[in-house]
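The form predicted alone is given below as one chain in C-alpha cells.
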C-alpha cells in the first residue's frame, strides 16, 4: 500500500496503522519529540495512532512545533 507522508510517497504493508507509518517514516529522535498528526486533514489523537488504520493513497501530515518570536 502506498500513502503520502508530508508529501513523500511511502510504501507500507496492508492494514498498517498510523503508528506503523510513523515508526517507519520518523527517526527515533523525531519520534521522541512532540508532534501532531493529521490523516486526510483530520487530526488524530496520539492515543488513536495504533488503532487508526490507513488505506491506499491516504495522506498523513506530521507537524512539529516551530519556536520563534
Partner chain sequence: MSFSIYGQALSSRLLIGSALYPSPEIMKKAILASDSQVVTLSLKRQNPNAMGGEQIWRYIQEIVNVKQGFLLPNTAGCKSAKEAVTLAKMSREIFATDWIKLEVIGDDYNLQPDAIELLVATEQLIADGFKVLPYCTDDLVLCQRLHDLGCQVIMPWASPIGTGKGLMNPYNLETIRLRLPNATLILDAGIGKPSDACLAMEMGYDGVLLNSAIALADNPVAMAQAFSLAVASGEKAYVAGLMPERQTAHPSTPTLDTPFWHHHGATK
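Not measured: the values here are computed from a predicted model. Numbering follows the first chain given and starts at 1.
Here the subject shifts to the form predicted in complex with the partner chain, a form of this protein not shown in this document.
Although the partner is absent here, residue 15 is not a contact residue: none of its heavy atoms lies within 4.5 angstroms of the partner chain in the predicted bound form. Taking the partner from elsewhere, residue 20 is found to have every heavy atom lying beyond 4.5 Å of the partner chain in the predicted bound form.
In the predicted bound form, no heavy atom of residue 28 sits within 4.5 Å of the partner chain.
The partner chain is not drawn, but in the predicted bound form it has a heavy atom within 4.5 Å of residue 63.
Along 14 to 43, a non-hydrogen atom within 4.5 Å of the partner chain in the predicted bound form is carried by 25, 26, 29, 30, 33, 34, 35, 36, 37, 38, 41, 42, 43, in order along the sequence.
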